[in-house]
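One chain comes next, on its own, written out as structure tokens in the form predicted on its own.
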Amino acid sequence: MTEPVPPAALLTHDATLDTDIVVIGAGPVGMAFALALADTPWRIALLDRQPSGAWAGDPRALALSHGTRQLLGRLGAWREQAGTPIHTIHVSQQGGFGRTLIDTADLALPALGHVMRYRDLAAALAAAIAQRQPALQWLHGCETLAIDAGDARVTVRRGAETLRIAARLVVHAEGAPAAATEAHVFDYRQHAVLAEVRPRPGHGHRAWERFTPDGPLALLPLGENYSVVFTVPAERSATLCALDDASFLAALRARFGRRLDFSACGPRSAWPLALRLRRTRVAPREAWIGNAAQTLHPVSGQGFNLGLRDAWELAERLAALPPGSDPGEAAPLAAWARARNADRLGSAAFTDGIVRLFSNDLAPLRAARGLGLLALDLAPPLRHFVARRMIWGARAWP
């Protein structure tokens, strides 16, 4: 499979391109947004910092809700064989009573979600984009040099050439808001240590969310393995990553308990965790989606799913504009940003609240958490509400 390449006319030392919407960032959210508009009259340019197929060796795993699986299906970018379904989610806390079990039977769904490797999702989106040529131009190896937001002009370096792109809307779909002037930032002082482990016995399509005093521990079924998100204080992540396999599995068993054992593990990597919410989602002829707009704690796997809903709803709003409209007009962009607030702020509050409530070992809170988990397990309507919120966000799509 080959990906779209720019016209030969662009391969000069100083070139120009006229388009309607330029998307900066060709990760899954940027690709999905561009793909959602590929069958509309809008001309789309997708700018990728990486060379073609750079994601092919990416080992990361993504937790995809059933709502995300529905959206990817509408985009023609779902590969059933590449995703491992989640049939049940077991939620508990270390050193305390109470647990909740969320099951597909609660919502009469084939799966609560799927776990898929980043590279497999990117490949599915890229294959769908390849079928949309020439409506969508995908330009690889682009380093953004300047953005003139007022005129929606983007200047990029692409190898030896300088490419000046004139558009009517610039959509940012990569990076993360960092500066205090750009975003509200809260540093959790935690790192997520990522690894894959082989469970014994098999996972049976069950995901686990285990809350420990150090932070949440998630086990997500991926093929025959579990993808592990092991949250620890920032100062401990390097030590955990440096452990040999046997010592790492011993540390995992100590946090997880006796319900499962683990027979092997792969390499480890660590990522710092913070909550970042961009103060403004739109500006004149600019919009921010996905991680460019917000990054969340990975607990409950909400971040990517929220970003994909950003992309889908912005594409829906732009696709609905009357013929001859300006995609960078302020009013539709502002309406989109307002409409996304409930989902965005609700997801941030949901994940942040869980982390703050569970990342401690105070006895009164431990007891209160246990009662809450028990109540959730014994009250199906409440459990169903939480499950639907995790699957479809604030919009709770059917």
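Note that residue numbering begins at 1 and tracks the sequence as displayed. Bear in mind that the values here come from a model prediction, so they are computed numbers and not experimental data.
In what follows, reference is made to the form predicted in complex with a small molecule, a form of this protein that is not presented.
- The partner is absent here, but in the model of the complex a heavy atom of Gln302, alone among Thr104, Gln190, Ser92, Gln302, sits within 4.5 Å of the small molecule.
- Taking a 4.5 Å heavy atom cutoff to the small molecule in the model of the complex, the contact residue among Ala348, Leu333, Ala36, Leu62 is Leu62.
- With a 4.5 Å cutoff on heavy atoms, Ile24 counts as touching the small molecule in the model of the complex.
- Residue contact check for Gln50: one or more of its heavy atoms lie within 4.5 Å of the small molecule in the model of the complex.
- Although the partner is absent here, Pro221 lies well away from the small molecule in the model of the complex, with no heavy atom inside 4.5 Å.
- For the chain shown alone, Gly290 is a contact residue for the small molecule in the model of the complex, at least one non-hydrogen atom being within 4.5 angstroms.
- Figure note: of the listed segments 237 to 245, 290 to 298, 318 to 326, 70 to 78, the one touching the small molecule in the model of the complex, with heavy atoms no more than 4.5 Å away, is 290 to 298.
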